[in-house]
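Okay, so here's just one chain, in structure tokens, the form predicted on its own.
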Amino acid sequence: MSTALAALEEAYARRGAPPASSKGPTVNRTPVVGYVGADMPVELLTAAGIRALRLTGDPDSGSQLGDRYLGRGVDPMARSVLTRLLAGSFGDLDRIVVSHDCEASLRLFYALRELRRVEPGTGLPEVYLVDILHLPHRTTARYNRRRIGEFAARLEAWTGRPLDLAGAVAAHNERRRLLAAAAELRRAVPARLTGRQFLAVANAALSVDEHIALLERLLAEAGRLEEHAGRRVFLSGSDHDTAHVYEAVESEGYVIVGEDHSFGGPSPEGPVGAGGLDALAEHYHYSGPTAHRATVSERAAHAARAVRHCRAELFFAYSRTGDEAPAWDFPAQRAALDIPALLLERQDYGRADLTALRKEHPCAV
């Protein structure tokens, strides 16, 4: 057993709890910023000396308050995050930053801003929107550069210190490189990491430096990792901010060897180039082809490349209730693939009805 993998899984289990730096007196305390969305330029948070906490929901704890303020038509993951914020589940956050990666995130931002304005007793901190667009136009690039610059200036105003952008970019690029190397462990045949394990590896609640140290240890201990010989699955579609669906699928004898949602690894992939804020804006402008911002043809082409790269034997598209966009891509994805493909749509948050999977693509445990 890899001790590094055990430590990463332990840190993943802590990701929904308040970080230690959010407790105690504010003097000399590291500021903690909770953030939402895949378009977050996390390098800027690190450059500001902030402890960044990606906010996640909990399918098992209900979302009554989130339902009240957002309505049940919004993605239940966003409703759960709002419920947990109002319940104080993330501790004392200094700020909340939301990226406009999808409509649900934008609705969450508006709800948080209005709740803080009209119901100050909620105790919500200041909320800020990072609005990165992805149209392939020069005007979009200029718009994104301005938004990145404004966010950098706001962070300097919050902390009262200049940003160490070069150091932060170098650290995050190193983490991306190590995560890409770890992803190859489960793409091996047989896989050396399950999908559930890689979810923990990629999303461990650690500072960037702590994460890098454990990833280096994991790669050094690769020879201690178990082999996993189940039927190889590529998981497409809705985000998975918890391991519930991964555990359900892999309990049937499958191994998830790749995915295209934002919790499955560094998003966007590849290093940030040299060039300061200009390079950072360009990096997030051309992020990966997610269901909410890419064309159907782009999604289909990406699925075909990714399936070949991870040697998947089954393509599994998952669309959650309130997040219908992934289902629209499925016919084109299926046509682009040379392996069996299955769509599970209108699934409850954190749940997967695997009846069709068992019937059409049985896999012995």
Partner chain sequence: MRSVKSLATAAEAGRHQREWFADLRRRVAAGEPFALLNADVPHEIFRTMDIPYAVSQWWASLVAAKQRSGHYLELVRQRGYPDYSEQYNSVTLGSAFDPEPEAGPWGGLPRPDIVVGDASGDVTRKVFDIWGHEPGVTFYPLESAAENEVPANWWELMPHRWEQAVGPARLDLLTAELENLVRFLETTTGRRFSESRFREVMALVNEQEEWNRKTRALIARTRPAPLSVVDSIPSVMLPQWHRGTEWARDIAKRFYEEVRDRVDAGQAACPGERARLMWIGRGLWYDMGFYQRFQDEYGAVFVWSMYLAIAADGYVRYGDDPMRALAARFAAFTDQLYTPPWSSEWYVKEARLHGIDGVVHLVSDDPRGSYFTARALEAAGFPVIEIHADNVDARTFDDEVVKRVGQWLENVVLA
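Everything numeric here is computed off the predicted structure, so don't read it as measured data. Positions refer to the first chain, counted from 1.
We do not show the form predicted in complex with the partner chain, though everything after this point is about it.
A.B. asks: Since only the chain is shown here, I'm wondering whether Asp164 would be in contact with the partner chain in the model of the complex (any heavy atom pair within 4.5 Å).
C.D. replies: Flag for Asp164 set to no.
A.B. asks: When the contact criterion is heavy atoms within 4.5 Å, does Gln64 count as touching the partner chain in the model of the complex?
C.D. replies: Residue-level check for Gln64: no, no contact with the partner chain.
A.B. asks: With the partner left out of view, is Glu114 within 4.5 angstroms of the partner chain in the model of the complex by any non-hydrogen atom?
C.D. replies: Yes, Glu114 is a contact residue.
A.B. asks: Can you check whether Arg68 is within 4.5 Å of the partner chain in the model of the complex, heavy atom basis?
C.D. replies: The answer is yes: Arg68 has a heavy atom within 4.5 Å of the partner chain.
A.B. asks: With the partner chain left out of view, choose which of Arg107, Arg196, His283, His228 has a non-hydrogen atom within 4.5 angstroms of it in the model of the complex.
C.D. replies: Looking at Arg107, Arg196, His283, His228 one by one, just Arg107 meets the 4.5 Å heavy-atom criterion.
A.B. asks: Though the partner chain is not shown, can you say which of Leu219, Ala153, Leu135, Val189 has a heavy atom within 4.5 Å of it in the model of the complex?
C.D. replies: Here the answer is residue option Leu135.
A.B. asks: Decide yes or no: are Arg72, Thr140 and Pro331 jointly within 4.5 Å of the partner chain in the model of the complex, with each residue judged by its heavy atoms?
C.D. replies: Yes: each residue has a heavy atom within 4.5 Å of the partner.
A.B. asks: Which is the contacting stretch out of 275-283, 119-127, 197-205, 240-248, given heavy atoms within 4.5 Å of the partner chain in the model of the complex?
C.D. replies: Only one stretch qualifies here: 119-127.
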